[in-house]
Every structure is written in C-alpha cells, then in structure tokens.
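To begin, one chain is listed below as structure tokens, in the form predicted alone.
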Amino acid sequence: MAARAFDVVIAGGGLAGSSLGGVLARSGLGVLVVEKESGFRDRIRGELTWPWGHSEALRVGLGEPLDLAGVVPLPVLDFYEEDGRRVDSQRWEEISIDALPAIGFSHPRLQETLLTWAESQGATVLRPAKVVGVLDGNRPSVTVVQGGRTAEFQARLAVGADGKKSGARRWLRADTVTDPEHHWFGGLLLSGVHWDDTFGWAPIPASAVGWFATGTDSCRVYIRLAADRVRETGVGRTVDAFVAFAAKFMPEGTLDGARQAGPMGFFPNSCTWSSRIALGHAVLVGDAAGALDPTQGLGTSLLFRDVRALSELLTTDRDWERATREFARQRQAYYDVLRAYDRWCALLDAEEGPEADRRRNLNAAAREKDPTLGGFATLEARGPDGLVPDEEARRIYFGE
C-alpha cells in the first residue's frame, strides 16, 4: 500500500477492468487495478460472447487469457421449438467476422484468469481493496482502502469498471438511467448435462430457454419469462422446478442426470447506463458505462469493444482528455445500436397477443426478402459497426 503514481488506476478487476489493465500495462503504461473481492464467485452473469465480441477480444490481444481460461468454441446456433425439436441452425463461420465462432466460458474463471494475466503484463493488482474516492485535478488523487489501511495514489486517469451498480459514476457527477423492466431472466449452472458444442436457443413467445457448455462438465441454462410467469410457474423457487421447465424446450434426455453446480437466480432485466461516460480525468467502461438487457447476450461483446476502443485511443493520443471524450462519443454510438436491438428483440420475442403475432409475421416476411434485415439480424455475427438505429432501420427490422 505504499503510495505511488500510476498512469491509470482502474476500480474493478472483473472482465472489463482486468482486460483493460492488462492491455494498457502491456503497452508500457503504469497501471493499478483495484479489486474488492478476494475471490470471484458465480453470480449468474454473462458467459457467452458472440462472434463479433470474440473478434474484438482477439483484436485487442486477449487470445492468450481466453485460451488459459478454457473457453468453449460454439460454432453453431441451433433453434428449438417448445417440444425440444430443432427447427433451424446457423453456422457462424458462414456470416461472422473471420469465420469466428461464439464462445462460452465460466465467468468467475475468466475473471480470475484475466486478473492474473493483467498482473503478468505488468499491472499492479491490489486485492481485496476498494477505491473509495477520486479527487480530480491536474493529476487525479485516488483513495484506496485495503485491510483497514488507506493510501492515496496519483494517476493521469481514473477508470471506473465496477459494474452495473457503479459507484464510480459519482466521480463524474453522473446519474443512473434505466429502461422500464420488460421481463425476468434466470440462470443456473449444471453439471452432468448431455450436450455438445452448440448453443441451443428456444425463443417461444413470452418465454425462452437457452443453454450451452461453459467447460468440460458444466452447462449454463437460462430462462426468460415475464415477472408474473416466474411467480405463476414457480420456476425460480427450486432447482427441480427450474430444470423441469427448461427440459421441456430441450432435446429429450439432455438434462437426465443433471446436477446443480452453482447458484440459481432470477433478475429483472432492462438496459441501465450512466448519463455521462467521461469527465476530466475519469472515464467509465463496461457495465459501469452502460449495461444491456442480458437476454440477447451482448454484454461481454460490448465490454471487449470498450477495451479495444479505449485502449487504442489512450495509446495513440497523448491528450487523454480528448481521447476519453472521443471514447464517450464512440461508446454512445455503438451502445445506442445495441440497446435498440435489445428493445426490438424484446418486442418481437417476449410478448404475446395479436399485436405481437402481427410483428412476428411481418418480421418473418421481411427476413425472406433480406435475411440480414438491414444488418440488425446479423448483429451477433458482425457487430454494430455501420448500423444506425433510426426509424428507417426499425421499419426494415419489423417488416413495415
């Protein structure tokens, strides 16, 4: 805890903070990563990265820690009906950047691997410790508490990478903004599941089940339901109820012999973001800057894009205030695309009734004419670049 100066102090050593810290340290910058947890645990977070996010991670040089974490390639997306019957498949190599697959992984294992990797690249890690204050000025002063002791560190830049409920937003005098809740999303980690290297997705109106391998003997299963349906079905009360509900959507026998391997939980879902991303000598990345509704699984791809965009700006522009302002501008643009896509998917897949059926029919007819729907239908494969979520794009997506 001997106080010293760094180029960058990062509050949060999760996926975003550790990735950014390692990349910046590798470039020769002095980096301090402050992580409050002594050990990462399963909190039912995102464990899927789509092909475009996989590309972002490789472009910024994270191939080594991904390999060390034992990520599972998922080259195929299979679609299922409610009776467990497969009705369609998408091979990512046919449409994705560099023919890359999606990847599945254990979130806490990848967190641990990335934090260790950041240290190996030259970053200093304090853990468990917490950033409790940032005083901006010509050179920010960052107050850190560890083991009851307090130290002040000087930095050129303070980075908030402390998640969806970010306390770092206070450094920027920013507000937290949240879309209205649309549905709930539940997750459970299982072992003993009979499954291969594909991602299974059964998007039935008003409900959905997704599943994929996260390791050699671990499978993450997600359920999407409206809040009242979670209560009516009791699916969130016991592991047996969760498994029984999910099994209806999966090929027969998939969950025979499955055993609980992690906590189970359901959470309200909506997009949540900071009203300001950069100010002075402080900037936010990952969920601290803005989190997405996790139903479409875009959160980890978003954070890898953040890491690439911010690290490239900081290592090529000596004026870091200008660099972080430009990052905030870029980030807002691609976040708006991803948020619009989340909202459109929710309207298309997560509602019931005549109006919802009409939207789905129009969307299906539009896909026959243009399978990309103006680029938004291939977003998981190719990312948000070149897309603008305006009224014209919305009308194309919904077949209007």
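Residue numbers here begin at 1 and follow the sequence given. Source: prediction; values computed, not measured.
There is also a form predicted in complex with a small molecule; it is not shown, and the following applies to it.
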Item to check | Heavy atom within 4.5 Å of the small molecule in the predicted complex - residue from 110, 161, 277, 123 | outcome: 161
Checklist entry - Among 21 to 29, 373 to 381, 8 to 16, 388 to 396, which stretch has residues whose heavy atoms lie within 4.5 Å of the small molecule in the predicted complex? => result 8 to 16
Next on the checklist: Can you tell me if residue 360 lies within 4.5 angstroms of the small molecule in the predicted complex, counting non-hydrogen atoms only?
Outcome noted: no
Next on the checklist: Test of understanding: in the predicted complex, would residue 367 fall inside 4.5 Å of the small molecule by heavy atoms?
Outcome noted: no
Checklist entry - Can any non-hydrogen atom of residue 200 be found within 4.5 angstroms of the small molecule in the predicted complex? => result no
Checklist entry - Is residue 36 a contact residue for the small molecule in the predicted complex, using a 4.5 Å heavy atom cut-off? => result yes
